[in-house]
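Here you get one chain, nothing else, as structure tokens; it is the form predicted on its own.
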């Protein structure tokens, strides 16, 4: 008797799962029911001679540092080494409309009823429904089953705006900075909040990259995770940098960012003393970086993500380089990132010209 055919999951041919790693991907076994039918892009960090083992049955491509250098040439300098920020290379080489990225220490969580949470499915639902950044709905996401717009919500705004980013959360080990880890070493997140909300326009947020979905067509070029890790004075700010840049560009282009569901189970707390060494400059710098993002203005002439991002790079060099020379290097890397992105992802107009 033939085995029953598995139902085709949402966006099967329109979404890539990007995973940065330095180890064998045994964690995928737990995710098999939810990930097996999707294409994976694995970005191997660290020693490229190490063989990373992937469980059988998964459709994947794997890139190590040698591949990154071969594909990008001199522009590979914009991709971080010995840091999970290297994941953004996977965003660049993907050809799909949507990306879901997850860390290899994240497992399937359970909802309050004890059912396994299909995190990817919830991210897709978040991305396929509009956001409401211009007016806050007190019942959170009005497009979810059982919810709607509350009394007093303007009808002219009920269509919402396209959703560019779906930011998921974590049960068990919270995403804390090193000082908070040190004073709360045993704290675990056991609170499951059944809510999705749109982050209001004008509000930036600390984005975590270990359970994150986004529409690559809408915002992909802004999802650069910066220069972190080997040879850099800072670490563990890669996803936050991408989040700050992405949010101000989403606000400018009238796109939405959601946060809340889905939850994953974050299994492993990283060493707070190692984290403090990576973070300590960022903890000082962010007191200037955050007001910079809160107060900047992107010119109305910038109508594409690339134009907005290059304008951000210019402002970073102008305004933040006085904090530390690192920001001059980062601004240059932001420009290199966009150049590399456009080389690997030529627009339709550029492709037509090249074909002639």
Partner chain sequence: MSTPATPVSPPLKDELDIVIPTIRNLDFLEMWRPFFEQYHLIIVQDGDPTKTINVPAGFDYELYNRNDINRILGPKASCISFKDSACRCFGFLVSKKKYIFTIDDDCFVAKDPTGKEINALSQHIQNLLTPSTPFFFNTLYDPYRDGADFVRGYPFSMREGAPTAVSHGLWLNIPDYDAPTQLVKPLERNTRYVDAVLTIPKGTLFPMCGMNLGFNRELIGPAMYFGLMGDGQPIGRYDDMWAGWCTKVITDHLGLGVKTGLPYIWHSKASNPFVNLKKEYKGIYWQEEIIPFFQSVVLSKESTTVQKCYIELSKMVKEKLGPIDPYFVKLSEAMVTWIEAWDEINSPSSKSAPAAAVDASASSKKK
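Positions refer to the first chain, counted from 1. Keep in mind the model is a prediction, meaning the values are calculated, not measured.
Not on display, but discussed next: the form predicted together with the partner chain.
Undergrad: Scan 204, 109, 234, 218 and let me know which has any heavy atom within 4.5 Å of the partner chain in the model of the complex.
TA: By the 4.5 Å heavy-atom cutoff, the listed residue in contact is 204.
Undergrad: Give me the residue from 248, 169, 161, 72 that has a heavy atom within 4.5 Å of the partner chain in the model of the complex.
TA: By the 4.5 Å criterion, the partner-contacting residue is 169.
Undergrad: Contact with the partner chain in the model of the complex for residue 129, defined as at least one heavy atom pair within 4.5 Å: yes or no?
TA: Answer no; every heavy atom of residue 129 is more than 4.5 Å from the partner chain in the model of the complex.
Undergrad: Contact between residue 85 and the partner chain in the model of the complex at 4.5 Å, heavy atoms?
TA: No, residue 85 is distant from the partner.
Undergrad: Does the partner chain come within 4.5 Å of any heavy atom of residue 105 in the model of the complex?
TA: The answer is no: residue 105 has no heavy atom within 4.5 Å of the partner chain.
Undergrad: When the contact criterion is heavy atoms within 4.5 Å, does residue 290 count as touching the partner chain in the model of the complex?
TA: Contact check for residue 290: yes, within 4.5 Å of the partner chain in the model of the complex.
Undergrad: Since the chain is shown here on its own, which stretch among 88 to 96, 252 to 260, 73 to 81, 113 to 121 would lie within 4.5 Å of the partner chain in the model of the complex, judged by heavy atoms?
TA: Single hit among the candidates: 252 to 260.
Undergrad: Can you confirm whether 139, 153 and 180, the three residues that make up this candidate site, all sit within 4.5 Å of the partner chain in the model of the complex, judged by heavy atoms?
TA: All three within 4.5 Å in the model of the complex.
Undergrad: Taking only heavy atoms into account, state which residues of 184 to 210 are within 4.5 Å of the partner chain in the model of the complex, ordered by sequence.
TA: Residues within 4.5 Å: 184, 187, 188, 189, 191, 192, 193, 194, 195, 197, 199, 200, 201, 203, 204, 205, 206, 208.
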